[in-house]
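The data below hold one chain only, encoded as structure tokens and taken in the form predicted alone.
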């Protein structure tokens, strides 16, 4: 078993088909991407942990529960940065198994927290332990696919990361269905659902770990030769991770990703509740149940665009270049955010869904494009470790985005603002974040040759 997990055991034979690697990457990312569907657990966990009925006003309690979501994403970035070099040395299989142990173990610890009505245990399990699993599972398939597809790096990273974005597409309705099945009286079914999901995800994550391979040293696609255009934003040289993170390009890209993620992550974390509050209102127990199903459907729909955007936009970036496509993300995204309050005021559900769908597609596209942007700047040598350090910006965004959404929403509701209108002010803040990201992106230039690996 230890040999089976070693990097040497994952080196592909000459006749290995590289198109078998994307399914392995997607299998792992679709599981850990469940974190994007956490919003369906907001009300059930708040009701369970704080001993309140689902029909009660749970705004403050949900803000506390949401820290599990934020901590998980914080730990994603931190663990990716800390273990980035280990991931490169150990290979994708060992990393994926470690990811499975942490992520599914975190779900089980979270279920234990629900049983003992301990918010701290839920935060530790789902947030801290599960978040480490997110970080390990996130960067390993990405760096592996970049090495397998040097001819189409944007498409390659899109294939990997589209799975993460689509995690809620499966996770949200699955969790809702399981909670409806396990629900009994005051028991919301959250505890049993977390246990069941850990069992289901175990199968798929271990499938991905078994299937994955790395290319042999010196491998390249048949007929492909690396080309370097003079003055282009693509380098044929390599920069070590310990050098890369000291360059201004690294930190400009850090801000680019942080602002792009901050502007979308808070919305995703509250997607189900947000749609219910803005368009559906309250009601009796049956209405609340129906609203929850609609909210879960909205979260699932956003996941489709999150997933699709990761593949489509990153593939577009292979044609337009990374810098241009990020300009589109920031300029168009800010314009669409500015229209969301008007969609709420006119109670146009179709317009609101359409606007948020495009916004979230570019949010996902930003995630999928950044590894290829890093490859362009720093080469493939230690791109996984560089990516790991860069997504500490995701950790920061996991605090900024949800904090702006949750705290401003809770304060406005406490001040007497109707729930349907309480989110509107946060959308204008998102425009400001995207403007900062645009400035950072415009400042990105090619890495000085003095940093290249000799």
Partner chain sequence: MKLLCYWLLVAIPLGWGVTKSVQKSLPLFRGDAKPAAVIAK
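Numbering follows the first chain given and starts at 1. What we label the rigid core is the largest C-alpha set whose atoms superpose within 1.5 Å from one form to the other. This one's a predicted model, so the numbers in the text were calculated from it and none came from an experiment.
Unshown form predicted in complex with its partner chain; subsequent notes refer to it.
Asker: So which of 313, 298, 100, 337 reaches within 4.5 angstroms of its partner chain in the model of the complex, heavy atom to heavy atom?
Answerer: Looking at the other structure, the residue within range turns out to be 298.
Asker: Among 422, 49, 405, 27, which has at least one heavy atom within 4.5 Å of its partner chain in the model of the complex?
Answerer: When its partner chain is considered in the model of the complex, the option within 4.5 Å is 27.
Asker: Exactly one stretch in 288-296, 359-367, 78-86, 320-328 has heavy atoms within 4.5 Å of its partner chain in the model of the complex; which is it?
Answerer: It is the stretch 288-296.
Asker: Would residue 177 sit within 4.5 Å of its partner chain in the model of the complex, counting heavy atoms only?
Answerer: So residue 177 counts as contacting its partner chain.
Asker: Even though the partner isn't displayed, in the model of the complex is residue 379 close enough to its partner chain, meaning a heavy atom within 4.5 Å?
Answerer: Outside the cut-off, so no.
Asker: With a 4.5 Å heavy atom cut-off, would you call residue 125 a contact of its partner chain in the model of the complex?
Answerer: Because no heavy atom of residue 125 falls inside 4.5 Å of its partner chain in the model of the complex, the answer is no.
Asker: May I ask you to check whether residue 173 falls inside a 4.5 Å heavy atom distance of its partner chain in the model of the complex?
Answerer: Looking in the model of the complex, residue contacts with its partner chain include residue 173, since a heavy atom lies within 4.5 Å.
Asker: Which residues in 17-33 have a heavy atom within 4.5 Å of its partner chain in the model of the complex?
Answerer: Residues within 4.5 Å: 17, 19, 20, 22, 23, 26, 27, 30.
Asker: Could you tell me whether the Cα atom of residue 275 shifts by at least 2 Å between this form and the one not shown after core superposition?
Answerer: Moves: yes, 2 Å or greater.
Asker: Against the rigid core, is the Cα displacement of residue 353 between this form and the one not shown at least 2 Å?
Answerer: Comparing the forms between this form and the one not shown, which are aligned on their rigid core, residue 353 does shift its C-alpha by 2 Å or more.
Asker: With both forms fitted on the core, check whether the Cα of residue 344 differs by 2 Å or more between this form and the one not shown.
Answerer: After core superposition, the C-alpha of residue 344 moves 2 Å or more between this form and the one not shown.
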